[in-house]
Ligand SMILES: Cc1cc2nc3c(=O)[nH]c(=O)nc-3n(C[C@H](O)[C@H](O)[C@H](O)COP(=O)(O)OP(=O)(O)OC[C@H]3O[C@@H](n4cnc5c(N)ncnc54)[C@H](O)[C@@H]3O)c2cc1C
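Let's start with one chain on its own, the form predicted on its own, as structure tokens.
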């Protein structure tokens, strides 16, 4: 069993670490001050992504992407996760369902998105629908040769950096007919209500939208009527791996800072790392990072190896659950080791502490992940998690 990172993946990890340090790092305090990446900085960062070779890291070369394996993607994502204020999203990952679109949709949306010429955001959550997508109230009705979409969407991430939206709606209000639609901005009947501020600063915004009879041509229906939830689930699998990788990178950076501080901070005549209370926090955190890294790259390798998607979906839930809660614990300990310094906004650990909290909520809460895992154990047996297949 070879547990080493393949050479190309290691090279990509090194490149991503340099990109994080040299391009994203200098922007961290700027984003924290403004609450988002200022508009004048965006073209420069987009060009830096292209020059680094990270344009469309999650799609095939035939569609203008990088053609990276999942292991290679996770090697990159882990390093990007070191950046605070969601700056990792400056490296674009076009929505996964686009690869299952028509050839015309790939030409109009996927290929230019991989090049960084377009960008899409995903609108699924609503005031009354989050963990349970069957509660979505946004409807799509076929009338006069067009689909007419009406509803309200919340937490539409990167709205202000996107020029099109993928909207999850129920045809004729039927939750068994969940369907995805591509809407170009601006659009008749599509209104940006507001972009609320959140606990963390973020590279782009999280918007609230209203759709009032928004006309959409059938050529902009993504997938078949009723296929929307399955397309969204496939997207969730990959985003849950991305979140896990970001959590790993964030926790590792926080622990590195805490470890260095513990070695140099002298109290009562000796470095604070020599006190058992501190060294045990460092030890516990190192073990949790080690376990997360092992789990992340195992699941990535299984996805690359073609393991059944249902089993991958089950394991991705376990990975996302563990990684997001692990990061919360490790970063909390790291802040405690730093003491008052860790509570200052100029310290990366303080920003990571705010950043990482959302990872237990978005793309499926910790409670939803536990429900998925328990359901999979009931359906497939404990061996799904304790065995090797």
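A quick note: this is a predicted structure, and the numbers were derived from the prediction, not measured. Positions refer to the first chain, counted from 1.
Quick note: we don't show the form predicted in complex with the named molecule, though the next part is all about it.
For a residue to qualify, one of its non-hydrogen atoms must sit within 4.5 Å of the named molecule in the predicted bound form; none of 61, 68 and 301 qualifies.
The partner is absent here; in the predicted bound form, the one residue of 164, 229, 92, 155 having a heavy atom within 4.5 Å of the named molecule is 155. 125 is the sole member of 139, 239, 125, 259 with a non-hydrogen atom within 4.5 Å of the named molecule in the predicted bound form.
At the 4.5 Å threshold, heavy atoms of residue 253 stay clear of the named molecule in the predicted bound form, well away from it. Not displayed here, the named molecule is kept clear of residue 325 by more than 4.5 Å at the level of heavy atoms in the predicted bound form. Taking non-hydrogen atoms only, residue 48 never approaches the named molecule to within 4.5 angstroms in the predicted bound form. Remark: residue 21 does not count among the residues lining the named molecule in the predicted bound form, judged by a heavy atom distance of 4.5 Å or less. Note that among 35 to 43, 325 to 333, 342 to 350, 355 to 363, the stretch whose heavy atoms approach the named molecule to within 4.5 Å in the predicted bound form is 355 to 363. Taking the named molecule as it sits in the predicted bound form, the stretch 202 to 230 comes within 4.5 angstroms of it through a non-hydrogen atom at just one residue, 206.
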